[in-house]
Structure formats: C-alpha cells, structure tokens
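For reference, the chain that follows is the form predicted alone, supplied as structure tokens.
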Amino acid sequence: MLRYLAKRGITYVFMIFLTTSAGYFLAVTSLKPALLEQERIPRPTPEQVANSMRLKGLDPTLSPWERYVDWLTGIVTRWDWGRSPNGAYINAEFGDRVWISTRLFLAAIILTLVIGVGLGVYSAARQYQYQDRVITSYSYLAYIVPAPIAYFLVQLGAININETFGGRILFVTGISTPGVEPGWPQFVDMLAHYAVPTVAITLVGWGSYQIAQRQYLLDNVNADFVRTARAKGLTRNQAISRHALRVSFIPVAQSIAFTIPAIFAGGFFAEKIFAWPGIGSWSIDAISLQDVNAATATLAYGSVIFALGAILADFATTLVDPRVRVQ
C-alpha cells in the first residue's frame, strides 16, 4: 500500500507543478501591478514605477517566460516565492495565513466527515421514519443553499444570541481578542473565536455526506451478502454494521478527494465573512491588488490540498475495499 501511495504522490507532485506553472503564466499575463502603482498619490513617474517593480522581481519589461524562469529558479534554489507589489515577502505572508486557515478548516473537515457519515447511517437505519425525514430534508436544504448565505445566517443567529443574553457570548468576527493573557485565558479565547465559523462550515458541509452515505447504505441493505449474513443469525443492525456499512463507505471515501478542497474553497467566503485573515481572504485580495506571486502561491496551495485529499481518498479506499490490491 505504501508503494501504491508513493506512486500516486509522485503523480500528484507532477500535477501540482503543471497547474502552478499554468497559473503563473495566466497571472503574469492578466494581472498588471504596475497599473495600480501608477495610481498612487503622489503619482510616481513611469521610471519610478518600472524601477520599483524591477526591485521586487515584477519587472513588466521582461517576457512572461523570463519572469517564469526567474520565479521558478528562486523557488527551487532558495524556496523564495517572490514579493508582493507592496514589498511584502510571499513566504512570510503565506506562513502566517496558512496556519490560520489550517486551524479553522481542520476541525471543520473532521466534524463534517464524522457527523455526515454518522447521520447517514442513522437515517438509513430508520428509513422513512420522522428522524430520517428531518435529517435528510435538512441535508438537501443545506446542499442547495449557497455557502455565503448560510454563513451569513449563522452569523446573524450568533448575533441574536448575544443580544438575547445582553452580552457577548459568541464571537462573530476575528481570530482573537487583543490583550488576553497568555496561557489558559488565551486558549479559551481562541476556542470562543473558533466556535461560530467552525459550526457554520460544518453545518453547510455535512449534508452531502449524509445524503451519499444514506443512499449507498440503503442500496446495500437488501443485497445478497447482507441477506446471507442475516440468514446465518445476525440481526439487521449487526448485518448492516458488519457488512453493508463497509461496502457503502467505499464511494463515500473516494469522494473525500473532492470534498476537502470544496470545504477550503467555501472557506474563502467564511474567512471574509468572519474576518479571519487566512489563505482564502488573502487569495481574494491578491486578485484585486494585482498580486501575481500571491495569486500563484494560493493556487499552488489549493493544488496541494486537492492532492492531499486524493491521497487520503486512496488510503481510505485501500482500507475499506478488499478488492483493491496493488502488486
């Protein structure tokens, strides 16, 4: 299995290189940071703008290929992803923001998977009962409502809770409170800021898993191997948990490759709405600020996230599907 995952990892590294390179050429030909530089007050001369861009590695007089070679050489030899038009170093900006996004999305991804699959099994075992109808109806509703609208609704609900109790119970924006003492108070403050955005992302994300797990499990409940297990003396719940559940989880495990990037993509809106300075808000700002290197770095980050999700899906599939064998 490790050999199989290693081969897949090499393939994904090659794909990341191709998508990042293509993204750089697209960014360098469409984003023009020199134009924004010319709108500064006092207005700089064209010579000053050209010199400023050249010092930051954004020389507009070079061809896209020449800029790509310089940029790629800096990454390979020094792990230097370049600078932004405002002079900030991409490495420093990325390092701070990626940790913020990872902290936010890691808990949401785990909760989404666990709750979605768990409720899918629970509702399938109670097909057409009121529990199944309520859970599945909510999942379809969460599935069709756009993520930004759902995040706004959760934020408004948290604000109403604060107004009801006459004080701040839930934090609806920001990642921390300034001036909090280090240690336990700081940890509690961090959890308080995590609560609302994590709940919002989870409530939007687990619906698709619940629908898929419920449907796949119901497809296998009356399969021949489940009937055989029941004929040998197992109860219905035992046959489902020991046999049907494992088979029905195979396609759900394979969808992890697409769900994890989708959560990160939807999290871009969450970071803007809840004022978290993570990768998502940074990528949106990079496009509006004509930041070639930052836009490319966020694209590379998204490619890496997709690759990690695909590797996790491959790993989960090899665990639950005995038919997968790699020589």
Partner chain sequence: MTNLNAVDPAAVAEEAHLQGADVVIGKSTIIFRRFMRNRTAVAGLIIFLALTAFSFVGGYFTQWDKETIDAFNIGMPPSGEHFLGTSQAGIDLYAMTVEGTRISILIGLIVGLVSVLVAAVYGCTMAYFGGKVDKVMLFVLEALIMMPALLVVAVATSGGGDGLKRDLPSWLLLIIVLLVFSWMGTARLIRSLSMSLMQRDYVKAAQYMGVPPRRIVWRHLVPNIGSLLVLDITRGVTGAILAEVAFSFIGIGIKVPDVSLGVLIGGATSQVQTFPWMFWVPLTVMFLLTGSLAMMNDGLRDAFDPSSSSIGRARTNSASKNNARTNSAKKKRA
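Note that the structure is a prediction, hence the values are computed from the model and not measured. Residue numbers count along the first chain shown, from 1.
From this point on, the text means the form predicted together with its partner chain, which you will not see here.
Leu153, Ala92, Leu191, Ile161 - the one with a heavy atom within 4.5 Å of its partner chain in the predicted bound form: Looking at Leu153, Ala92, Leu191, Ile161 one by one, just Leu153 meets the 4.5 Å heavy-atom criterion.
Listed residue that, although its partner chain is not shown, lies within 4.5 Å of it in the predicted bound form (heavy atoms), from Pro146, Gly87, Pro185, Gly118: For this set of options, the contacting one is Pro146.
Residue stretch of 137-145, 177-185, 239-247, 73-81 approaching its partner chain in the predicted bound form, non-hydrogen atom distance within 4.5 Å: Stretch 137-145 is the one.
4.5 Å heavy atom contact, Gly278 and its partner chain in the predicted bound form: No - in the predicted bound form, heavy atoms of Gly278 and its partner chain never come within 4.5 Å of each other.
Heavy atom of Thr318 within 4.5 Å of its partner chain in the predicted bound form: Contact with its partner chain, no.
Ile260: touches its partner chain in the predicted bound form, heavy atom cutoff 4.5 angstroms: Although its partner chain is absent here, Ile260 would stay clear of it in the predicted bound form, with no heavy atoms inside 4.5 Å.
Contact flag, Ile287 vs its partner chain in the predicted bound form, heavy atom cut 4.5 Å: It does: once its partner chain is placed as it appears in the predicted bound form, Ile287 has a heavy atom within 4.5 Å of it.
Stretch 278-301 - residues with a heavy atom within 4.5 Å of its partner chain in the predicted bound form: Read in sequence order, the residues that approach its partner chain (within 4.5 Å, in the predicted bound form) are Ser283, Ile284, Ile287, Gln290, Ala295, Thr298, Leu299.
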